[in-house]
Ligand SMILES: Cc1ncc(COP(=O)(O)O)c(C=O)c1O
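In structure tokens, one chain follows: the form predicted on its own.
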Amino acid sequence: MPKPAARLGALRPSPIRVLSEGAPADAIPLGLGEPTWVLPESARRALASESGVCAYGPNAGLPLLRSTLAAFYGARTEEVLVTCGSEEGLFAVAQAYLDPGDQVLVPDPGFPAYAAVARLASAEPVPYALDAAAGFALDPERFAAALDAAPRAKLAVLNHPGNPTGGGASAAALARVADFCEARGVLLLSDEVYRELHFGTRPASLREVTGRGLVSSSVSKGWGAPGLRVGWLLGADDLLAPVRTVHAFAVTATSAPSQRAAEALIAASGEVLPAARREVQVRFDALRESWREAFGEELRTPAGAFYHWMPLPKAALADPMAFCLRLRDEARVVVVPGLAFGEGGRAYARLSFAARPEQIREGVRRLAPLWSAR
């Protein structure tokens, strides 16, 4: 029997999916980072209007969507590549730029796909720590230390506001990190998929401090449409050129009906994004109030996204996955052990407050007895 590629040996099923897909039918879903508000009307109208021939479309994306995204970001159309969600964009960048043995800086704790796409390119993920005391914000000094310790680094990934912590990054921090990478000839990719779901001031973008990096995002979070599977990369034409080649051979093009719905969402950003932020605020308020009632604690407001990064009880630290499985199977509430996001998350668990407010309240009520008992 043929053997799978050796590079798959380091990959394991995501604990996020394992916990969610194996959950009892009556479990409260606070595991997946998936918007639960209604798809905006603009996208529903676009999907309903589909008729006639359903063609592939250009590799780089439908011209109207690319021009609408360019206008949204103050970019040129040539600087936009439409992908099948942001993860396909990450995969295409890794395949386009990484050789076996190269190193990739990834946040720890951070989204598991960053390390996975590095390994799928036979490269080595190198974690860099975030500033826990500042809400797991990007720390240029910690980043620089990791970069200095990675002589074969070729790519570095940022995520702000971050999954799983909700931590942010200041414009000054982004600028310093961009300078470090440019001095080393390291490509910097900033995943800004949660940027529009902010609390307070809109976070800075990497595009505001440098023109020599890539920015990744999608309609999955801020525009509330993960099922469309439409994302994009923004960057200088020469940086995107090799990525376009991988993208074209990997997927040909993103779904044309989904792209038209995404274009309608981006064009209606003035209404869609504030409405999404209101939905997230309602959910965070539900979490904050129920947490205060259950634990007598005040929650720190994240920079953005919809995650509560919560310290585990001491007795759970020996086996965080076993503890989260008990929460799922006994308390009937799904949360994700922080270890799924890197060694830096060992002492934490991630609760997604993207769920409906009533689910959040019931989920906290259910987990409180086991959480306190541990």
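Just count from 1 along the sequence shown to find any residue number. Worth saying up front: this structure is predicted, and the values here are computed from it rather than measured.
The same protein also has a form predicted in complex with this ligand, omitted here; what follows describes it.
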Exercise for the section: Look at the candidate spot formed by E87, N159 and S220 and say whether this ligand comes within 4.5 Å of a heavy atom in all three of them in the predicted complex. Expected result: yes
Practice task
Considering this ligand in the predicted complex, find the one stretch among 266-274, 167-175, 138-146, 212-220 with heavy atoms no farther than 4.5 Å from it.
Solution key: 212-220
Completion exercise
Only hit among K154, R229, R195, R260 for heavy atom within 4.5 Å of this ligand in the predicted complex is R229
Completion exercise
Among F111, F284, W291, Y128, just one has a heavy atom within 4.5 Å of this ligand in the predicted complex, namely F111
Practice task
State yes or no: in the predicted complex, is some non-hydrogen atom of N163 no more than 4.5 angstroms from a non-hydrogen atom of this ligand?
Solution key: yes
Practice task
Answer yes if any heavy atom of Y307 is within 4.5 Å of a heavy atom of this ligand in the predicted complex; otherwise answer no.
Solution key: yes
